[in-house]
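In the block that follows, a single chain appears as structure tokens, in the form predicted on its own.
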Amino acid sequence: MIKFVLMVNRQGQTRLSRYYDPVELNRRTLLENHVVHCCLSRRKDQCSFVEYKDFKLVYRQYAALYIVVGVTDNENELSVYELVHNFVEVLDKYFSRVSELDIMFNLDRVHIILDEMIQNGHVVETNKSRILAPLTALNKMADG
């Protein structure tokens, strides 16, 4: 099961966070700081899977952004690694080459995309067209 998804920049600033297990707000900040430090301090030639406390971290870097996913021990790391790539491909398709600014100024839309892919910590959709269907409908209503 997926416990959380974080999107952070190279400076360690959180741009997106979604938790699927309840975590107190003051503990979230501490958790994010530790997790981000753990992933950002690793070299590029090191594995993108990290054992961290009672779960595993799967992270992937795209330009200046890191996407970090916390998963339970029984989750397949490679499938989560590919899920992260699929998430970025969907963002690229929607934003036409997504950037950190796109994430910051369209956070609601990024959350919609993530919510279409993951619900209650489980992957429910990977098809790019189906994931973007709600946003396409929203855009048509706004334009029409």
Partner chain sequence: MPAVSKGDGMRGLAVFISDIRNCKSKEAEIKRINKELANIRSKFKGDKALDGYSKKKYVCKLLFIFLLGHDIDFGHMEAVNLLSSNKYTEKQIGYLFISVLVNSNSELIRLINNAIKNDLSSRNPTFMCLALHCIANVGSREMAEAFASEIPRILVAGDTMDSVKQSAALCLLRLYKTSPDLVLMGEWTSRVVHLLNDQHMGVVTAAISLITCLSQKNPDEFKTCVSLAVSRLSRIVSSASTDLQDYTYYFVPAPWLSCKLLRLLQCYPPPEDGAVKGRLVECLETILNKAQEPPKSKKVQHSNAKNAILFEAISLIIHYDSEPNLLVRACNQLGQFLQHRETNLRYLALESMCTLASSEFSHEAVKTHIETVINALKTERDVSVRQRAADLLYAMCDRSNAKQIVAEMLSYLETADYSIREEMVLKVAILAEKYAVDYSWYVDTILNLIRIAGDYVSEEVWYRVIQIVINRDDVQGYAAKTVFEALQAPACHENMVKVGGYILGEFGNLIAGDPRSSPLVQFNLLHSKFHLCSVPTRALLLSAYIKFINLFPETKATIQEVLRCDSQIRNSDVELQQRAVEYLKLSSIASTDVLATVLEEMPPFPERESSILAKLKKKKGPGAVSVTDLEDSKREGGELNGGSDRGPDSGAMAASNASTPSPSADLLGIRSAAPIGAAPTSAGSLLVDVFSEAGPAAPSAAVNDDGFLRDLEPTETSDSLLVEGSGDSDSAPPSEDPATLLSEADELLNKFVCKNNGVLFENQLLQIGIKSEYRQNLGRMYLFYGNKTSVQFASFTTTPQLNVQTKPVEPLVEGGAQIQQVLNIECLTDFSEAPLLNIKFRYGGALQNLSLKLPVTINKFFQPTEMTSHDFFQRWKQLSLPQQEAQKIFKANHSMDTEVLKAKLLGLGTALLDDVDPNPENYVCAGVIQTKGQQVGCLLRLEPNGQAQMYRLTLRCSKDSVSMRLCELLAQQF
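All values derive from a computational prediction rather than experimental measurement. Numbering follows the first chain given and starts at 1.
Another form exists, predicted together with its partner chain; not displayed. Remarks below refer to it.
- Although the partner is absent here, Arg97 is not a contact residue: none of its heavy atoms lies within 4.5 angstroms of its partner chain in the predicted complex.
- By the criterion of a heavy atom within 4.5 Å, Tyr81 is counted among the residues contacting its partner chain in the predicted complex.
- Taking the partner from the other structure, its partner chain in the predicted complex has a heavy atom within 4.5 Å of a heavy atom of Gln46.
- The closest heavy atom approach of Gln61 to its partner chain in the predicted complex falls outside 4.5 Å.
- Using a 4.5 Å cut-off on any heavy atom, the residues of 68 to 90 that reach its partner chain in the predicted complex are, in sequence order, Asn74, Glu75, Asn76, Glu77, Leu78, Ser79, Tyr81, Glu82, Leu83, His85, Asn86, Glu89.
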